[in-house]
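First, one chain by itself in structure tokens, the form predicted alone.
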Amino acid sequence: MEHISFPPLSRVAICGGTHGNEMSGVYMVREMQQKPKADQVGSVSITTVLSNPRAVDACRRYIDKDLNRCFTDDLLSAPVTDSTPYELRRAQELNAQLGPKGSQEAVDVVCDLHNTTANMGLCFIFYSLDWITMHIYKYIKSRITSAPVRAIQLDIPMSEAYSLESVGKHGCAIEVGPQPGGVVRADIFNLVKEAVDLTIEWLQGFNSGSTFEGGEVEVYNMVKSVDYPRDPTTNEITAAIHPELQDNDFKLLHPGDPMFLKFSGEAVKHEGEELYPFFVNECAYYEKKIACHLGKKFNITIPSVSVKKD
């Protein structure tokens, strides 16, 4: 595959607290803000952002509306009125600070730190097949050995991309779990810190003129979401994730494999094609009526990249 050159990536935003009860990002940002000269590491200028301070103060996922669903083009351009939800106002503030989304003025890389209650290890989540983001993922995957490192691609046009990382020229969410909401675990925090440090290390290497060789990377692509079985009259859930699926994110689900265990005792089995489950039994997705996502795994060949010479 061809070699591609990019302009220097000198401005990066490290964001935490987009969801106010996902504590690894909150404490990562606070730790970075306390360090002297933490806003400049070699050739990389770092902006640290506590994305949703009101939700952080309340230790809640959000106050009025999920902030990480507020960054579509339509919502970012919506007029602000007295009735505008807090998170939508905050999304427009963040877009002004780090973007504007889709513009040349936007920061080069947005890295948004998240936790999940699902047993997902460390996951990169991104929209387009962005070679810069893919190379950072490839670099981190080759160096972190304490947990599995995977990538999920959301096949959504950038105008409809709804999460904070879409504001940057390049961006990803780093999702690490399992960790309960409102809790900080040392092992999960250290995994997040290692990923952030390696991201900055890669950016410095890139800016200094290093060539990063291409190759194949493994990516999961989301196919659909699955809700819990529900009572048709009350709409209440009637089953929990089956013990054979619980904590088995990214383990291939075959037709006939148990997915749910009804409270009355019967198993509900997976139907259809073989797919990989992730975000299994995520606490924050109960309100969204999502028991898990299902996706396919495929390999992508990425080109070698280096900084563009003047």
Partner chain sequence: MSCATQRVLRTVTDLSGPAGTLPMSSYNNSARFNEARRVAIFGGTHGNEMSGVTLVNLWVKNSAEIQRKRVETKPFITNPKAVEKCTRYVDTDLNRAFSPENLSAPEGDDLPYEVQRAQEINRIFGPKGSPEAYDVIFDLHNTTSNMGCTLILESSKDHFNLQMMNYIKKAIAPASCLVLLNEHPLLKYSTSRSIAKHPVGLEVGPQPQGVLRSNIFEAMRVILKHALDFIELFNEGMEFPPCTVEVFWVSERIDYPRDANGNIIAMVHPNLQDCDWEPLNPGDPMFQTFDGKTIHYQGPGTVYPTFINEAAYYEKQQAFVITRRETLVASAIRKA
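Keep in mind the model is a prediction, meaning the values are calculated, not measured. Positions refer to the first chain, counted from 1.
There is also a form predicted together with the partner chain; it is not shown, and the following applies to it.
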State yes or no: in the predicted complex, is some non-hydrogen atom of P255 no more than 4.5 angstroms from a non-hydrogen atom of the partner chain? no
Although the partner isn't part of this model, could you tell me whether C283 comes within 4.5 Å of the partner chain in the predicted complex, counting any heavy atom of the residue? yes
I'd like to know whether E274 contacts the partner chain in the predicted complex, with contact meaning heavy atoms within 4.5 angstroms. no
Considering only heavy atoms, tell me if I237 and the partner chain come within 4.5 Å of each other in the predicted complex. yes
Using heavy atoms and a 4.5 Å cut-off, decide whether E31, V184 and D247 all contact the partner chain in the predicted complex. yes
Mind telling me which stretch in 176-184, 210-218, 152-160, 78-86 gets its heavy atoms within 4.5 Å of the partner chain in the predicted complex? 176-184
Single option in S103, S142, N190, Q97 placed near the partner chain in the predicted complex, where near means a heavy atom within 4.5 Å: N190
If we check the partner chain in the predicted complex, which of the residues in 109-142 reach within 4.5 angstroms of it by a non-hydrogen atom? T117
